[in-house]
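This document starts with one chain, in the form predicted alone, laid out as structure tokens.
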Amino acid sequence: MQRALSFNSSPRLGVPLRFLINTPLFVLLAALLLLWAGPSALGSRWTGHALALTHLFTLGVLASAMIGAMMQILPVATGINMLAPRATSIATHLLLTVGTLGLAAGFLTVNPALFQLAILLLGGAFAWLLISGFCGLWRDRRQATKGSTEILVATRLALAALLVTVVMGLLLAASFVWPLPVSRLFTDLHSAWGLLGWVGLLVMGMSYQVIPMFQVTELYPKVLTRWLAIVVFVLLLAFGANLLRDPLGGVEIGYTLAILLLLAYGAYAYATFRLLWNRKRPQADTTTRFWHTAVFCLAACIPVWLAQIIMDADRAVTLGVLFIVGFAWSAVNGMLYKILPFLLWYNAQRDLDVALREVPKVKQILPDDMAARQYWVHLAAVAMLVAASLWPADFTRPAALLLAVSALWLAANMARALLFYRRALKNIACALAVHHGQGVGPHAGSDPS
């Protein structure tokens, strides 16, 4: 059964757009930092350069993109709005952007004042977001649209995982300022809850809507959408409890839980790949290729993790590259090529009472051939980053250059779409003046295709 979509609940364009614009800019900033830092940035997960890079991606890129997507997709797919979406969007975006820059600078300089600033700004950003999100979910719980339960479950659990991630992150940041007894175990838990909880669960929940909608596939299997997010969340709780209970004696249990988590995501990767393989449109577009890359990188995390256990070798950087850049960023990059043109088309005609030829089609706003060129550079950047995680001295700077080119290309494509949209608005305004002057009556809206 297809889900009922409530397009009338869609927020104004500025609500998600400001977050989406952040994404290529922070990828470019991360690429420039990697180019400047060189091999030392990928030699260990514990260096200041590596921590700055990680948080530029997880906060500046992924959190920005996912907050924007959540604020757009949640009301359309479920009929539930966040509390005060416009004010939440403006405040959260500003606090998140400046706070992320402050945190990255703090890792690079180990300046306590910068960590204090980051704690204040990021704490405020996520507190506002979480309060708005949970209040909206509670307020509108009785008006959820038909078939949206699985999206809401994944979203609620993702927000709960974000809360855990933020609390641990603030404690870790505070340890750079004050002598707090914070164990390094908190770093592992912070990473697990942030990546497998917040990032993974929200990508999972959003994909339940955007994969069938934009890739023209069947819905995900009901048993998977009903239980997978819950299973992942329960495994994360068990993983955290085991690590805090017995950091040394619970290693085998911890490995088992970690493998179960990876297998759960492996099931999601398999289901997604199967849907994409059997999609109703036989020819793959660029977003399909991005999703193929994302699913492959997610699946690749399983053998890398197993090799780390068997060979007793640290592969944390490789796992981070595969999950953060290969899986999450590939999925986000691909979704941008569907979500942004659709948003621009929808907002160009949402208030019209006449059908106008001047309203552009979705495919005109951001043609697929433009997106395809950026995809191949992105794919090369992901492959080079994986190589750089294994052989930093040889591949780090080439990977950084490719990542920078990919980010610039994406930014140029998005800018082109926004300029096209502005020109379309002017053409629509001129056409409306002519139509109303001639007394033309109302007609049906425009076809997006």
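For every residue, the number given is its place in the sequence shown, counted from 1. The shown structure was predicted, so the numbers you read here are calculated from the model rather than taken from an experiment.
As for the form predicted in complex with a small molecule, it is not shown, yet the points below apply to it.
Peer 1: Answer with yes or no whether residue 256 is in contact with the small molecule in the predicted complex, where contact means some heavy atom within 4.5 Å.
Peer 2: Flag for residue 256 set to no.
Peer 1: Answer with yes or no whether residue 176 is in contact with the small molecule in the predicted complex, where contact means some heavy atom within 4.5 Å.
Peer 2: Within the cut-off, so yes.
Peer 1: If you check in the predicted complex, is residue 416 within 4.5 Å of the small molecule, heavy atoms only?
Peer 2: No, no contact at 4.5 Å.
Peer 1: Would residue 29 sit within 4.5 Å of the small molecule in the predicted complex, counting heavy atoms only?
Peer 2: So residue 29 does not count as contacting the small molecule.
Peer 1: Among the candidate residues 284, 170, 105, 302, which is the single one with a non-hydrogen atom no more than 4.5 Å from the small molecule in the predicted complex?
Peer 2: So the residue touching the small molecule in the predicted complex, by this definition, is 170.
Peer 1: Only one of 194, 136, 75, 341 has a non-hydrogen atom within 4.5 angstroms of the small molecule in the predicted complex; which is it?
Peer 2: Of the candidates 194, 136, 75, 341, 194 is the one lying within 4.5 Å of the small molecule in the predicted complex.
Peer 1: Sort through 215-223, 78-86, 159-167, 268-276 and report the only stretch with a non-hydrogen atom within 4.5 Å of the small molecule in the predicted complex.
Peer 2: Single hit among the candidates: 159-167.
Peer 1: Every residue in 58, 126 and 184 with a non-hydrogen atom within 4.5 Å of the small molecule in the predicted complex?
Peer 2: Each of the three qualifies.
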